[in-house]
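Okay, so we've got a single protein chain in two different forms coming up as structure tokens, structure 1 first and structure 2 after it.
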Structure 1
Amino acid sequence: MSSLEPGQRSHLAKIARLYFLEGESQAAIARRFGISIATVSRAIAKAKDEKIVEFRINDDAGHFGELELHLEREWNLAECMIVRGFEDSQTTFAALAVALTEMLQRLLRDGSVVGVSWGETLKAIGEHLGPVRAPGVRVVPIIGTMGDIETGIYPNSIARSFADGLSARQYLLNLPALVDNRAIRDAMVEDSHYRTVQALWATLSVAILSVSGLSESTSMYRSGILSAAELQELRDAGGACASNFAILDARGNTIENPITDRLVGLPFRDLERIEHVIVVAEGSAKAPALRAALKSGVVDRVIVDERCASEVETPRVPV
């Protein structure tokens, strides 16, 4: 039985309605009510705990099942999960989170170590994740710090939300993801804190990634991490996909570039030794980047909405 007073329940319901149905950001809701973003985030989580907000995935007549099997065969995947795509991205993210929760419940074991990347998709997923019952789970970022901590698009903040959803222990990576030059990067990776995280990365059993293209709509540009000129430089080098800040071409090959030489994070090819590498993607615009990531051969599981899934199919050549 709920311990909430009617006024408290009404307040949580109003915040949930603004967030899920009206599409307001947590920052906008915080300004509206004169509270912090963290308080809004806790209110949304409380609304879910109190069953004020509930999500359900309806697999009507299994209409995604055939496409899931087709993509699994086409890309040699262990598993593909497809959810309905909603007009409101936040509702789609919530559905993706439900699917990821179900997948992790099956994959995680006592003591599993989960590596989490960054980006707006994973930020939203983390807010809706869980609970997952697997004791002793640990969560660690697999990329250095970047983005704006106030917006939550920040690797340590994202890892924290995943740790909260998984009732797991969180580790921090307090080094920048992108430094001025390779010499600084080489010095940083010799830091004792970084070595501790590297040792933890060596034990990863699950890695969770997002993907993006290299347009000005990507989080890397809008967060001020890369300039328009740097994005163009990566595109000129053949870049088609960014994942954990690695740059892939359309064939799934990693691109070495002076920009990527400045990266502090888990190298993309190191993902090959991890048992489960999951990519979560939303929207048809992510399909070209997802296709490049799939061609890399690193990814073994994907969770996507129906729009991304339908676009990521290999185009059929007319007879």
Structure 2
Amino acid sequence: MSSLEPGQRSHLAKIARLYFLEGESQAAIARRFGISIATVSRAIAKAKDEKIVEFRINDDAGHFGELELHLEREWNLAECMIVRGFEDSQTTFAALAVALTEMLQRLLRDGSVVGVSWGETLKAIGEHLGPVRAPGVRVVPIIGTMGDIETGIYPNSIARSFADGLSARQYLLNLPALVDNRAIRDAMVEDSHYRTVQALWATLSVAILSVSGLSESTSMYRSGILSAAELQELRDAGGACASNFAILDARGNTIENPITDRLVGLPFRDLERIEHVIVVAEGSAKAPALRAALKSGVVDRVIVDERCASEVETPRVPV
């Protein structure tokens, strides 16, 4: 730790002033003082070190720059976007969709393949996705179908709304997400229908996921895919989060569970190979599930509302 002689300090300040405030190049400063460019560079580095020059970011109040950065660092994310939360969840979803649109605009390339999961969050967001200009994008579900009738949260429907928003080509996955037993699943994944989608999954550059807790407010329960008893079983087994039908414990590890063997969808761990794994979540209720998903380490990018974000950062202690 080198301390500074008195004169040194004002000399560094002068160089920093010329560089940062006056916009002079380091070469010009070097000429002016008759020292080398390298010395100027090192002087500026030292001025930063010694806090002789400080930077101030004038973010709008009402933006969440600090918190975003905090979460990015804490969870090793490439990017965290926090949007303002509204009373009405639907409005918040629209705001999240705007953020996701902007993010996809940046991330998508010609020919990118986007995998879309399932759930009420993604359904709502798909409906509000804005147009993105990127040619040749393909959208594919990463979870099988469920239900016999096309409801709003039918995975192919959600993928369609994403494809529409992105002006992309949609690929269908016409196999059920959950079959009766492992044997059936094992047989099914041999079929060319699965093989085709699987090949597409192998080329995914973006995956878009949501998370859910395992209370009875989860879509998986409300749409009748899991029974109350099955949910209880999952919670008993330590389940804290469901994402694309994978069940994670609070540490972010996938846990074995009654549905694992009967599932047709992109395996959770396969997300690791995907360049951009985006999770979207709305509301503080999602925070514990989101935290579990973050702990898994496979999530790159997060788009959440402020309530979810602050709850993730500073969890209320359960009473």
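Sequence positions of structure 1, starting at 1, serve as the residue numbers. Each form is matched to the other, and the largest set of C-alpha atoms that superpose within 1.5 Å is called the rigid core. As the structure is a prediction and not an experimental result, all values here were calculated from the model.
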Between the first and the second structure, which is the form predicted on its own? 1
If I superpose the two forms on their rigid core, does the C-alpha of I15 end up displaced by 2 Å or more between structures 1 and 2? yes
Is_shifted R262 between structures 1 and 2 (CA, 2 Å cut-off, rigid core): no
After core superposition, I'd like to know whether A38 moves between structures 1 and 2 (criterion: C-alpha shift of 2 angstroms or more). yes
By how many angstrom is the Cα of Q26 displaced between structures 1 and 2 when the rigid core is overlaid? 60.8
